[in-house]
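Alright, two takes on the same chain below, each alone as structure tokens: structure 1 and structure 2.
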Structure 1
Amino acid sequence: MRNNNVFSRLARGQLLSLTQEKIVFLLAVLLFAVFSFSLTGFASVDNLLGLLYNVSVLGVLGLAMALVVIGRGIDLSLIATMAISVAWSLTLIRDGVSIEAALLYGMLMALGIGIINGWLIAYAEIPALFCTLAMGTLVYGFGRIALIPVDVVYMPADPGWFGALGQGELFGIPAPVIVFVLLSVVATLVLRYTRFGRYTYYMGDNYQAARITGVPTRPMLVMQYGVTALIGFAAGLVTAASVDSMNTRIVNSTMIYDVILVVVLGGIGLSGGKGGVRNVIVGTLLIGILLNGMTIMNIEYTVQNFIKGAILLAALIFDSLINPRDEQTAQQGDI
């Protein structure tokens, strides 16, 4: 403890206060430099765009998650919402509903899930972790029983503009990357300059105080989860358009953990009130660089996972050494 303090003071004085975001950013830059020198073809514009393409869905999901995490929540139903609502849209399209109408239905379903999440958290006062955990399995189960007959739903033969969302390009930049950038810009503006954004930070910082000072915390929660689900739906559209199908089995995968990692790794604390879009971008970049480099090196998938985990752990440990938590100020129940 004592050593840590000394260390942290030194660090604060000399290293210009290293936050987790900066650590992760430095790590990303470092990896980037290493890969650029050691891997042929890594630093090419084409590969870098591909890299961005590959993580843009993760990044969009990260934005969605960041919104609720900043408000001291979490949304574990994000992947289920995304997969089931989009898969339902695709099913409807295959059944002959027009693309626009089907997507509208899917969007309304996602929004509905988000609002139910928010309502349960705000009014029934169920902890977000459990509410969304339960909602995730519930949505998946309901979707598989009632809405979607098979676990992989394919895109229709002629998806039109919808297909361009995944396959199209603008000035040589793939559409998913553009979607990620656009959403990042919008999220930055909303979080920074709108009442909705500022209230989200207040609620994350101190929910009770925000409530007492007149922030409409309950409607705010409903809105946050609604918006998060909508962004999740958008991420699902991009996924579906880029691989011509929606695989509902991803609900049972560890994808939700990857999304949380992107958010937390970037430096948005799970205790809320901190961080922003920049953190999501930094976290996404690190994961993207890692995955891309390792794929180029043809490292086995399981080893990739191991390396990814080890690097994440290293980042967490480093952050804890630099910014140790204090026994006296740590919040109870802040896990």
Structure 2
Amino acid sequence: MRNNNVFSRLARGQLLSLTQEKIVFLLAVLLFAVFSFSLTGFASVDNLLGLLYNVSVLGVLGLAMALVVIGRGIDLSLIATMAISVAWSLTLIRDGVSIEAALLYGMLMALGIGIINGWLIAYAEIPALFCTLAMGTLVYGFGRIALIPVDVVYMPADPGWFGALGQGELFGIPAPVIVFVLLSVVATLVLRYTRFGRYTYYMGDNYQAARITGVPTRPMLVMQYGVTALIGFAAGLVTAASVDSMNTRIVNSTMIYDVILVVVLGGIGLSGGKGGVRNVIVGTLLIGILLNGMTIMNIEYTVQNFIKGAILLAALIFDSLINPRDEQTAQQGDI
């Protein structure tokens, strides 16, 4: 009887120690095992490298979104910023501007969009959800009207080092995977060991309390959205180099929801102040394995979107249950 009580306490302790991150990781391992045994070719080296290759950009965008979500914000203009800034760079290259100068102009454009987002949210006090939703539409419309004459802009014939970002390899590992790993390491170090990272968590945990204790919340918001836009630009460079083009119509796809799915599913609470890079990685792995398996099974794109939407809704419900808000932490217009 005594042994049964001991085992019961141990089991309860193990269950209580299971975080959303651990649950998602276990689901990813389980799904990987099921697909490996049931789908021909899933566990092959080529397919696994292709899986990592395909989800690397999604992972980089997840890092960008995680930064603002940890600070209790959101950036729905991320895909528009990525697509238009990179497409403009490619347009400049096609018009005779050097690769380095064109990429610099595109990077400054992305940074400017992020800074404007941050300024409007911090100083004009527009809720992040509505501000970035409007900014995404504005950026896409302005870019297509004034800067980019076609839907799809192709890479130059001789992209040099730029092309290696998407098509290169190191020890057999695709370059996009390496970019994702490097950015993950940098993001981890920044969030854990810098004042910027600490302030981001403080603001996400309780914005008003952080402001009262001396955290420069408004400049921090501007910095967060600026850095997020720069990471989005980096993801766009990898995308363009991988497929030899940038299709601006990606703005109208479901990609922004995939990014949010990775972040929320991985365990970064929308209430702010929680989570980190590991959450993005496990969320990216689970979604990558799921999408790859559905592709091998020839599941229709519409059905895939339905499944992803159901998972996202379930993740949001779970997040609201484990990260409830109260009168002290909730704010007007919060996501």
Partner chain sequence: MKNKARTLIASAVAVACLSGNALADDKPLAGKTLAFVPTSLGYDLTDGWYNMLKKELEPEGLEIIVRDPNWSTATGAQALVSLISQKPDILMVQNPDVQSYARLLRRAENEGIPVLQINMRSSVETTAFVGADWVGIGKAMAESAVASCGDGSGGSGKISLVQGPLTSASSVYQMQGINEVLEGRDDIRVVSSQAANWDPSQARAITDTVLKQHADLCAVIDFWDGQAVGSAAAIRRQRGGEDVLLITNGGTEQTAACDNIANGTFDKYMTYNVREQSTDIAELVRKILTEDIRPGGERLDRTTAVRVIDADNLRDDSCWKLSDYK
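What you see is a predicted model, and the numbers here were worked out from it, not measured in a lab. Here, a residue number simply tells you its place in the sequence of structure 1, counted from 1. We call the rigid core whatever largest set of C-alpha positions still superposes within 1.5 Å between the two forms.
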Tell me which of the two, 1 or 2, is the form predicted in complex with the partner chain. 1
Relative to the superposed rigid core, does the CA atom of L26 travel 2 Å or more between the two structures? no
Using the rigid core as the reference frame, would you say F42 shifts its C-alpha by 2 Å or more between the two structures? yes
Inspect the rigid-core superposition and answer whether the C-alpha of N305 shifts by 2 angstroms or more between the two structures. yes
So if we fit the rigid core, how much does the CA of I296 shift between the two structures, in Å? 2.4
